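First, one chain by itself in structure tokens, the form predicted on its own.
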């Protein structure tokens, strides 16, 4: 963890501890400071730009409701990203259930696919790799995307995922192995 990350972690931990003790000013400051990283976290996982802010709001509602579960002797950032991951997972489950119930309506209006926004990294991926990534469990897919596509270091990716570097490496390795099995020997986990 870099000095700035360490200082931020210490500050956030202190603000959350004060907020748990009823300090409203500390709580407001904490929420203001965590907003940009939470937005970035959600933006990297929810590709529907219309839903991103809703998911961010759900993260903040969950932080508020679960703030009593935070233990001040533990790091704050992994707790925060666990709450955020759960909100993204809830959004994904609801979206998948809704898709299963919805039927597509055919319109006479032609839509030019070039005008539709594409999710980040999709332009660089073959359709086969995109499909294979979608088949991975969320934790493995997140690890592979953060390391291989976003170019994050293992330490940065682990911090964002709220797990240890070793746990993230295991997730990524399992994801690479599953991708190799799905795609053949062409995928390299270098």
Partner chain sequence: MPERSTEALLQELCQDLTPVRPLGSLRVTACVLAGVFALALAASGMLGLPLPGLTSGVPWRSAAFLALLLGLGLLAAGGLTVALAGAIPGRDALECVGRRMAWAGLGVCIATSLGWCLSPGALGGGEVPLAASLNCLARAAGLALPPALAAGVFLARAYECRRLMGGVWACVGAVALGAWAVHASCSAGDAAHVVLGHVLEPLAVAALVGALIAPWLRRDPVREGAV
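Just so it is clear, the model here is predicted, and its values are computed rather than measured. Residue numbers count along the first chain shown, from 1. Take the two forms, superpose them, and find the largest set of C-alpha atoms that agree within 1.5 Å; that set is the rigid core.
Note that the form predicted together with its partner chain isn't included here; everything after this is about it.
Taking non-hydrogen atoms only, residue 125 never approaches its partner chain to within 4.5 angstroms in the predicted bound form. Contact annotation: residue 60 falls within 4.5 Å of its partner chain in the predicted bound form, judged by heavy atom distances.
Contact check for residue 149: no non-hydrogen atom falls within 4.5 Å of its partner chain in the predicted bound form.
Proximity of residue 9 to its partner chain in the predicted bound form falls outside the 4.5 Å heavy atom cutoff. Out of the listed residues 145, 161, 136, 129, 161 is the one that sits within 4.5 Å of its partner chain in the predicted bound form by at least one heavy atom. Along 47-81, these residues reach a heavy atom to within 4.5 Å of its partner chain in the predicted bound form: 50, 53, 54, 56, 57, 58, 60, 61, 62, 64, 65, 66, 67, 68, 69, 70, 71, 73, 74, 78, 79.
With a cut-off of 2 Å and the rigid core superposed, residue 11 has a Cα displacement that falls short of the cut-off between this form and the one not shown.
After superposition on the rigid core, displacement of the C-alpha of residue 163 between this form and the one not shown amounts to 2 Å or more. Note: the CA-CA distance for residue 74 and residue 160 contracts in the predicted bound form relative to this form, by 3 angstroms or more. Cα-Cα spacing of residue 73 to residue 160 is reduced in the predicted bound form versus the present form (difference of at least 3 Å).
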